[in-house]
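Next comes just one chain, in structure tokens: the form predicted alone.
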Amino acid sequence: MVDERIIHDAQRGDPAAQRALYEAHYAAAFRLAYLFLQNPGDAEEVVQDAFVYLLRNLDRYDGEKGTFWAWLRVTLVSRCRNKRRRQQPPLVSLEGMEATGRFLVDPNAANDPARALENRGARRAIWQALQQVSEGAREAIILRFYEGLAYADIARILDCSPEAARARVAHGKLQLRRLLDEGEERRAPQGHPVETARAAG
């Protein structure tokens, strides 16, 4: 997301370069922390803590081992998990997340009100179901489908094997599908067949 020259200058203690690193990665970092913690205050705290740690330890960064964002992401997820272990966060609605202006929204939906409503409804159903998925599977689902990571990357972040990462994603998808199907059944009129939710497939 930022070139090596900025990172090199930041490693030398250049405040402008360090600020550029922070600004380049803040939005993505906050989004990921929010997905894990479901609380904007906790997400902000974890993001700030992760940046403080990494900026103080920039001499440990090795560009040959991965990007700065990959390094930040591992640190961020670790701190999110520690934070969550210390306290049980309250569930936050999708509307609350979107109100922060930091959730990715389909830009094309704005030109199609019907599509926008349909997408919003699907996102809300998936988000609510995701909160009921078991913790390990939920973490893997977030990293796989919200962050778009390969199983090997998920394994490094969650400290498990790629096979275990794949299994967690598969297990999470099964849980999501069951929860979404149950939600559809509750909302469907009596006597009408319920179509299997495709959002988690």
Partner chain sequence: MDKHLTELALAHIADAESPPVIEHLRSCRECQRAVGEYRWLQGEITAALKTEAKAIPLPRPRWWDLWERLHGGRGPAAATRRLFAAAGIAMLICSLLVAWSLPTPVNASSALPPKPLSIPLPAIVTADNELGHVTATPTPSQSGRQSPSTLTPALTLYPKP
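Residue numbers count along the first chain shown, from 1. Because the structure is predicted, anything quoted here is derived from the model rather than measured.
Form predicted in complex with its partner chain: not shown, discussed below.
Enquirer: Would you classify residue 12 as touching its partner chain in the model of the complex, given a 4.5 Å non-hydrogen atom cut-off?
Expert: Contact with its partner chain, no.
Enquirer: With the partner left out of view, is residue 51 within 4.5 angstroms of its partner chain in the model of the complex by any non-hydrogen atom?
Expert: Yes.
Enquirer: Looking at the partner-bound form in the model of the complex, is residue 83 within 4.5 Å of its partner chain by any heavy atom?
Expert: Answer no; every heavy atom of residue 83 is more than 4.5 Å from its partner chain in the model of the complex.
Enquirer: Using a 4.5 angstroms cut-off on non-hydrogen atoms, would residue 72 count as touching its partner chain in the model of the complex?
Expert: Residue 72: no contact with its partner chain in the model of the complex.
Enquirer: Which of the residues spanning 134-173 lie within 4.5 Å of its partner chain in the model of the complex, based on heavy atoms?
Expert: Contacts from 134-173: 141, 142, 144, 145, 146, 150, 151, 166, 167, 169, 170, 171, 173.
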